[in-house]
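Form predicted on its own, single chain, as structure tokens, below.
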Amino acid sequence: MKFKLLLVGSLIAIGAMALLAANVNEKEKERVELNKAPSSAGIAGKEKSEEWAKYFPRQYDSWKKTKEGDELTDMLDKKPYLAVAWAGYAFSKDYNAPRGHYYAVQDNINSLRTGAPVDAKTGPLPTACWTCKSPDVPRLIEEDGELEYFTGKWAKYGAQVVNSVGCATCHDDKTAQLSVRVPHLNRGLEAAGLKKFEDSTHQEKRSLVCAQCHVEYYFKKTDWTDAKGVAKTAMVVTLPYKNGTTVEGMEKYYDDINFSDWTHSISKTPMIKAQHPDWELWKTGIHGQKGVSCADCHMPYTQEGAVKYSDHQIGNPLANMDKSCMNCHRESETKLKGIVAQKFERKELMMDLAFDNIGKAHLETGEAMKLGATDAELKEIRTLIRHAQWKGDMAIAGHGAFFHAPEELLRLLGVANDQAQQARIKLVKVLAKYGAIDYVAPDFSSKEKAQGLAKVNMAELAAEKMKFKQTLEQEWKKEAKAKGRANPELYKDADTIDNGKSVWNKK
């Protein structure tokens, strides 16, 4: 009996080991399959991320979860002084905190900043405004040529740019390796004396793929002649790195070429609008200096059985700290969250102080002009305002700069506040000269008041935008659907007025 029990036990153990081995082999087979390159011919329809799901289902499923980051936060409502700071520029109309990558195309279409074009040739913005929104953009650059892509108005490619930031934005469809297909990044890196993308290490590339979009840039006016001899003007995305990637280096670059994005409608100051300089500021912070890449925190590795893959639900690392922060840090999650909250509070305080003074400097300059102050009297004041707002904007335009580079951000906001105060001190003398000793800048403590000062007519803008969405946008959707360009999830119904959300038309 004893030997029978031993025999049965041995058989059970052998069976269990066989099942375990089969399971491990199956998982290993799956791991190997998932790490294979798609094919030497590449992925047909590679701009559509769902085509990549056949090869990388886990990565695709996690990318789709960026759809969950759908909350819209009206930053002009939270920070009304921004509408005064950006008076005369499109950002004074509409500025929301960023949502998940899933919404990049639709949010660009919905934004009041992109206006209400009626055909492919109407404005207000250039085609370059699509550049960071979609993997359709490098396709268009390859098909039409870079200069042709950058020529014309934003509406020119409304039916072509339909797939939101996704797999083909950062990966080669033949090898699945990290890849960048937009020319401006390498040009910028070379201008700064840095390695090109192809010469960088894999770890460096895990940040540089983000840097093709999350950087400061401007549209460089470039005259050219097409193959038919027609003279054209392109507005080419350009990284201002000739003097390096520091805020002061870029400021000098813009000053040296006498560049301005717009002239402020109140103070008539030639202004520079910072975009989203996440990469430049991250480089100055402790994580950047220690070689921690963007992907380490925003796309941490996760494990399913024998399969290890990068989580493509790009978002706040605090949402999955066990996979992001806790790989390196030994403090509790609660303590780390407290530290992050403290950094954010300090940023908020300095931001409010700096931009309150910047807004008042614009308004006081406007008043001085009404009273008769000359450009010569206001030249130094306007330079201080320009530089103050540039530094302040660079500090806040980066999505997570308060965490990526808290010391640099507080330095920038501190200098911005100081330069704005210097401008206001000089304005006291100018205003007094013209009899306005007791002038007090008008209240801009609410979005309505601030946009009133900036002369933004929200009702008119919203009505124009809705008309565009009911007409031209519907034509874009129908064409994209008919020609098979579109991501079917984003364009399920070509007759739907709005597949996304927007602050201006919330009920």
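So that there is no doubt, residue numbering starts at 1 and follows the sequence shown. This is a predicted model, so every value here is computed, not measured.
Another form exists, predicted together with ligand HEC; not displayed. Remarks below refer to it.
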item: Region of this chain that lies against ligand HEC in the predicted complex, out of 439-447, 465-473, 45-53, 452-460 [heavy atom, 4.5 Å]; value: 45-53
item: Non-hydrogen atom contact Leu189 with ligand HEC in the predicted complex at 4.5 angstroms; value: no
item: Non-hydrogen atom contact Asp255 with ligand HEC in the predicted complex at 4.5 angstroms; value: no
item: Partner contact for Lys290 in the predicted complex: ligand HEC, 4.5 angstroms, heavy atom; value: yes
item: Heavy atom of Thr127 within 4.5 Å of ligand HEC in the predicted complex; value: no
item: Within 4.5 Å of ligand HEC in the predicted complex, all of Val84, Val236 and Lys347 (non-hydrogen atom); value: no
item: Listed residue (Ile109, Leu412, Ile272, Cys167) with a non-hydrogen atom within 4.5 angstroms of ligand HEC in the predicted complex; value: Cys167
item: Interface residue in the predicted complex among Tyr241, Tyr149, Phe403, Tyr95, criterion: non-hydrogen atom within 4.5 angstroms of ligand HEC; value: Phe403
item: Residues within 4.5 Å of ligand HEC in the predicted complex, restricted to 210-227 and counted by heavy atom; value: Cys210, Gln212, Cys213, His214
